[in-house]
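In structure tokens, the next block holds one chain alone, the form predicted on its own.
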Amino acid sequence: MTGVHYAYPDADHEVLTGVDLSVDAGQVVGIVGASGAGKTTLAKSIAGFIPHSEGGELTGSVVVDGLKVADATLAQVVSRVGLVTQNPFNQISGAKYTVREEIAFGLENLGVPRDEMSERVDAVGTRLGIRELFERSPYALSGGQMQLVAIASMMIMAPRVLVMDEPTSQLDPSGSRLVFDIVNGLADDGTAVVIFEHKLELLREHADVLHVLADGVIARSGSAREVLADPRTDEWGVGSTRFTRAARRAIEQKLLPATTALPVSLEDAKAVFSK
């Protein structure tokens, strides 16, 4: 993605104002930013829904797995890119009566043989720990369970790129950690994962690279440790980990030297506060 600008139809301003972003196969890239920073817009741009579904004016270049998004059909893009949205209700097809059928829906549309389809559904269900939900209606689930079904529906398609827009927003801590463990497993298999998330401590543990989206551009990039220790995180509306906040308070109270390197993890904090 190079020099991407985007404005929604009839809008008087651009949401993205010159975004440059590169993601390698097998890499987990985290993107953070304040509410309204354009994270969902960026997610839809990577996945091809902008401009193909949303309309508006997109300039710059978006290339995914060698495919130039602007010159391709949405069907061609979604064969390479999976998008998991923040609201799983919007991803349920409404065409299937059970969770098993819902997860298999994409493979069914591709004409995958039934035996292979069943094996793949069982495998992804086991991986996400949701096989006990298979015979239930997708609409009879909690928000967190529905989100895991939405993730399973994308995983089973084996996309080259998986875009996740705040996928853990409806999940408890154990569910959130499960999703990030799955993300790492997908990356190990060669999938490029772009995850928009506000749970900074999980990003610190799992993201290979972290980008801050602010004012329509990538304002800061680096390792998660480097970015989350940047004193401008509050200015960008990103916030900070509890360990960083504790160190800042200690510095304000002169319990730690002003030159202290801000910790972003428990391990960092132990090192800082044990001195």
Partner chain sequence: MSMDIAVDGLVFTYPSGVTALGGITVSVPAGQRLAIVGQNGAGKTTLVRHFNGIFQPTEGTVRIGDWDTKGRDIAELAARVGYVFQNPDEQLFARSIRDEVGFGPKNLGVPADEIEARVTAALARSGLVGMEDTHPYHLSLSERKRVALASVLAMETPIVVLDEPTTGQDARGVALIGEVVAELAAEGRTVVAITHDMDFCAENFDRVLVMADGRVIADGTPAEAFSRLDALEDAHVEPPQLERLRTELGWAEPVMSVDEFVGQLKTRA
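It should be emphasised that the depicted structure is a prediction, and the values quoted were computed from it without experimental measurement. Take the two forms, superpose them, and find the largest set of C-alpha atoms that agree within 1.5 Å; that set is the rigid core. Numbering follows the first chain given and starts at 1.
A second form of this protein, the form predicted in complex with its partner chain, is not displayed here; the remarks below concern that form.
Novice: Does each of S35, Q86 and A250 have at least one heavy atom within 4.5 Å of its partner chain in the predicted bound form?
Specialist: Every residue of the candidate spot has a heavy atom within 4.5 Å of its partner chain in the predicted bound form.
Novice: State yes or no: in the predicted bound form, is some non-hydrogen atom of D234 no more than 4.5 angstroms from a non-hydrogen atom of its partner chain?
Specialist: Contact with its partner chain, yes.
Novice: Does the 4.5 Å heavy atom contact test between A246 and its partner chain in the predicted bound form come out positive?
Specialist: Looking in the predicted bound form, residue contacts with its partner chain include A246, since a heavy atom lies within 4.5 Å.
Novice: So, G111 and its partner chain: in the predicted bound form, are they within 4.5 Å at any heavy atom pair?
Specialist: Contact check for G111: no, nothing within 4.5 Å of its partner chain in the predicted bound form.
Novice: According to a 4.5 angstroms non-hydrogen atom cut-off, is K96 in contact with its partner chain in the predicted bound form?
Specialist: No, no contact at 4.5 Å.
Novice: Quick one: of R120, R177, R160, R131, which gets a non-hydrogen atom within 4.5 angstroms of its partner chain in the predicted bound form?
Specialist: By the 4.5 Å criterion, the partner-contacting residue is R177.
Novice: To verify the annotation, which of these, G222, G26, G239, G56, has a non-hydrogen atom within 4.5 Å of its partner chain in the predicted bound form?
Specialist: Of the candidates G222, G26, G239, G56, G239 is the one lying within 4.5 Å of its partner chain in the predicted bound form.
Novice: When its partner chain is placed as it is in the predicted bound form, which of 102-110, 120-128, 181-189, 161-169 ends up with heavy atoms within 4.5 Å of it?
Specialist: Residues of 161-169 come within 4.5 Å of the partner.
Novice: Hey, which residues along 101-128 are within 4.5 angstroms of its partner chain in the predicted bound form, non-hydrogen atoms only?
Specialist: Residues within 4.5 Å: none.
Novice: Align both forms on the core first, then report whether P257 has a C-alpha shift of 2 Å or more between the shown form and the other one.
Specialist: It does, since the P257 C-alpha is displaced 2 Å or more between the shown form and the other one after the core fit.
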